[in-house]
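Below, in structure tokens: the form predicted alone, a single chain.
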């Protein structure tokens, strides 16, 4: 499903968080929203999912304005995984993932709902903890459960805010590899992510956001040392190894850090 964002604005208490956002994301693109803390990445994700309502502009899904969609229809199209959900009701991992089937359940979950839940749990390597209570899991385990719940919705668009937060390296790679496969199968994936090297390895498109505005957008050609320095205020060197780009931060000798003991 393609997404068009036209002249989007959003403000908190009269202060702009997003200003004149224009972006087009094609069906199946794996897009990374990147930028410093507070730049507007998470706010933009929430506007796309209608968690937040823009003060101006429109968001189109396959040329249809999402503001006219009922919440039930949105839930069958978009799945959203927040960065940190905190504790939820004391349910098992299996039941937490099964909640993702809610948009399809009329009276009670069907055999298909249980089968889809079991399939997703297996894909995300959660089988050995499927009967554990979710609130007793580690942060990384819980994050994988939330991603599994989103996948159980069978979304056409998947939005994730820092999906690799709290995950060890192995599970970071597994989650991003899974998202890459989903995008190759036609699901439109958008993630807000801080790890530029992970983004470069897996994503096909990049939207650089700073102070609520789009700084640059495109493929890997926009990942330059100049753009990164302007965006983050950090000097970097970009090298290629085995055909892949790697960003290496350089010492910021012009910045002095004093420690008072």
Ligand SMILES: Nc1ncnc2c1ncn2[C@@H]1O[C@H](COP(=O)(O)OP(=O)(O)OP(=O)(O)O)[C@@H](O)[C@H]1O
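In this text, the rigid core denotes the largest set of C-alpha atoms whose superposition between the two forms falls within 1.5 Å. The shown structure was predicted, so the numbers you read here are calculated from the model rather than taken from an experiment. Numbering follows the first chain given and starts at 1.
Another form exists, predicted in complex with this ligand; not displayed. Remarks below refer to it.
Contact annotation for residue 166: none of its heavy atoms lies within 4.5 Å of this ligand in the predicted bound form. This ligand in the predicted bound form is not approached by residue 95, whose heavy atoms all lie more than 4.5 angstroms from it. Shown alone here, residue 154 lies farther than 4.5 Å from this ligand in the predicted bound form, counting heavy atoms only. Under a 4.5 angstroms non-hydrogen atom cutoff, this ligand in the predicted bound form has residue 42 among its neighbouring residues. For the marked spot (109, 114 and 146), a heavy atom within 4.5 Å of this ligand in the predicted bound form is absent from each of the three residues. Looking at 199-207, 60-68, 31-39, 215-223, the stretch with residues near this ligand in the predicted bound form, meaning non-hydrogen atoms within 4.5 angstroms, turns out to be 31-39. Interface residue among 174, 133, 125, 162, judged by heavy atoms within 4.5 Å of this ligand in the predicted bound form: 162. Checking 235, 194, 50, 56 for any heavy atom within 4.5 Å of this ligand in the predicted bound form turns up a single hit: 194. Within 4.5 angstroms of this ligand in the predicted bound form, the stretch 1-17 places a non-hydrogen atom from each of 12, 16, taken in sequence order.
Taking 2 Å as the criterion, residue 243 does not count as shifted between the shown form and the other one: its C-alpha moves by less than this amount when the rigid core is aligned.
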